[in-house]
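The chain below stands alone, shown as structure tokens; this is the form predicted on its own.
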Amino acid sequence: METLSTPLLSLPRYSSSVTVNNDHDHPVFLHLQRCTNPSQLKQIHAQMLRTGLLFDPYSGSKLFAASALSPFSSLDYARKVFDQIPKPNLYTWNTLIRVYASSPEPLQGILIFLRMVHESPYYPNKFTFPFVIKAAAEIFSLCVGQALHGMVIKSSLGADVFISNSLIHFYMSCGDLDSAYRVFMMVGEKDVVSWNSMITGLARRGCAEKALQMFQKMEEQNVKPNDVTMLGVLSACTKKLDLEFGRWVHSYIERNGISVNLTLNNATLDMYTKCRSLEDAKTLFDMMKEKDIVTWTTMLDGYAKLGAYEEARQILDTMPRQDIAAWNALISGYEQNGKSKEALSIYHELQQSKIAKPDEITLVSTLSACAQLGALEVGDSIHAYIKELGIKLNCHLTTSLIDMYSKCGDIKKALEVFYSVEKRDVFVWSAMIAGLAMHGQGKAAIDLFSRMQETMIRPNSVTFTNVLCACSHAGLVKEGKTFFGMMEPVYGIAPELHHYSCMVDILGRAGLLEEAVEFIEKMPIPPSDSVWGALLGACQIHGNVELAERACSRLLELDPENNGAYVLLSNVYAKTGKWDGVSRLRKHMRVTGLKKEQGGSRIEVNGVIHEFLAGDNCHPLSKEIYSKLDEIVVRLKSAGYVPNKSQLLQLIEEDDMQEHALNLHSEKLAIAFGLLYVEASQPIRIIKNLRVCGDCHSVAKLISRLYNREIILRDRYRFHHFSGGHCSCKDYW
């Protein structure tokens, strides 16, 4: 054990009644200055207790400061030292408040402050208030901070710049920007910290433009910015995605000789990647002499989010240390760009490598990828992993699991997750409502919404979108109108374009096409392509050619490249026997180069995703699949099946060719594969990228009866549950 060079036993003994002069050369103070570890500090503490020196307020404050503020300090130990000092002086009280304000327990700082006010002979001074105000900021307690502000004014300390800066930071942290600005304007001699508090606070609160205006005023006042100022300014540039101004800021830092540290370089790098300038980011990255894990991860994240996956992977492979944040950036980049298979591949690689342990962000991103793919088995294994490690389900993970199970077709497990947790925020409730809606359980979704209101959880914009979708699929027109009507008057949520689209869909599906048109005409905001698309979809269901042509025309005015509009209008023509219209549309698409989006279906077997395109013969088991499909067609015809050829885009005159084209739809290939390789006790779960056509819907329903199999088919809009020749989508056509 390391000991001090001067024997502690040689220190003079003091009684509790003796006052020590503030002699900085006193041996005990010299020992405290030279103290380098907790063991030495405890030796000094023990000797001060034996000699009675601890009971002198000044000496006690010195020991306490060493125990609280030294590099090897321990808050628990410091608190014990404090409790042994009979009459702590004001410096000691301030120091304890200070360390708690910067600790994971800032509330204790406020409680200590209250003890000082009520139990000690001291009143807070100009050093006390900045510390306790910081504690109030850490717990985001507006009422406590306001009370402290009142004490500051009563103490005639309102002009103190350090206290004012603390108040600015406090009000910004609590989101009270007006109060922060009022305090700022009352500061006589504003220092750089005053300006930094405003600029940084505004940037963090999403007021990027105001933050940049504040920086401009700072320049006009000839206050020299520092590296903290530029961090706030760069944050504002990043929020605004203003690359041009971001480049100017980078140049400004160099021109004005502002001290550049790793944190500032990382912020500049983040600005470039967020503003989608990988060239600038790469130049800065290569020039940086010092790099930390944040540097590498920021660069990797920039590449991944912009789809430069090879470069992102190269960054991951060359990093000095691969932490979980880097893996998360790559997984998230793939997932957010619709490359879910690649995201799952990286996740599996991470698990096998054991380089880093998946965290909540990893699991949320991977569950989202599972939801996109319909990879139920992989999602189930992640849920099992969460249980195995005893990871407590927070609202983020709960929402992700509900979303995954819902979109993978297992609504029962989604409900199990929902009911297994005690804490449910608005996102958890909204996810469950969405799950029930997409599975055709509209009334159950609305009942859940009512229960959500009973729990005093306020719905948000997403909640109402999900509720309105539930009304649409369940044909609940009256309820849909009621919910839409209460959004703004009751909850203060102004309807957005997707809410209007949902209402048009509700009215249109129910056959109230004229009312839907009237609703669109009365919209307070210009109708979007999604609004006209909803009307066009309703026209397809009900075969209204004239209105479909009008809706299609308006849709194409807003989105000329929307090939789906031509397909929907073509389906309306085909449904009503207007084959000249089908031919005309087909010719127009050929001339303009527009192509119908190719239908694709996915099915998961033993954790492996198999993909099929319309007319696909690339699968290694194509021979067996087509053989099974031939068998299916024979059995269907024996059961009286007649192909529904009304929705073919192409004008094919020969009946056998029309039938052949229908048989090549991707979901039929996936069903054939499922009959071959999915265990009979398990549902056949298929995800399709487009809307399921009427013929495939009829075929799936008939196959479920003939083969006694449960088929769960998710298309672009919702789920279709087929079992025993019955389907849950009663209102679909």
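Residue indices: 1-based, along the sequence shown. Each form is matched to the other, and the largest set of C-alpha atoms that superpose within 1.5 Å is called the rigid core. Bear in mind the structure is a predicted one, so any value in this text is a computation, not a measurement.
The same protein also has a form predicted in complex with the DNA, omitted here; what follows describes it.
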Q: Find out whether any non-hydrogen atom of R313 is located within 4.5 angstroms of the DNA in the predicted complex, and reply yes or no.
A: no
Q. Any of the heavy atoms of R602 lying within 4.5 Å of the DNA in the predicted complex?
A. no
**Q.** Close approach of H396 to the DNA in the predicted complex, 4.5 Å, heavy atom
**A.** yes
Q: Mark F418 yes when one of its heavy atoms lies within 4.5 Å of a heavy atom of the DNA in the predicted complex, and no otherwise.
A: no
Q | Of V117, V462, V545, V192, the one that lies within 4.5 Å of the DNA in the predicted complex (heavy atoms) | A | V192
Q. Among R205, H383, K134, H149, which has any heavy atom within 4.5 Å of the DNA in the predicted complex?
A. K134
Q) Of 565 to 573, 619 to 627, 258 to 266, 578 to 586, which is the one stretch near the DNA in the predicted complex, taking non-hydrogen atoms within 4.5 angstroms as near? A) 258 to 266
Q) Taking N196, T297 and I361 together, does each of them reach the DNA in the predicted complex with some heavy atom inside 4.5 Å? A) yes
Q: May I ask you to list the residues of 194 to 232 that have any heavy atom within 4.5 angstroms of the DNA in the predicted complex, in sequence order?
A: N196, S197, T200, R204, N226, V228, L231
Q. Quick one: core overlaid, is G201 moving 2 Å or more at the Cα between this form and the one not shown?
A. yes
Q.
Taking 2 Å as the cut-off, check whether the CA of K688 shifts that much or more between this form and the one not shown after a rigid core fit.
A. no
Q: Taking the rigid core as the superposition reference, indicate whether the CA of R451 shifts 2 angstroms or more between this form and the one not shown.
A: no
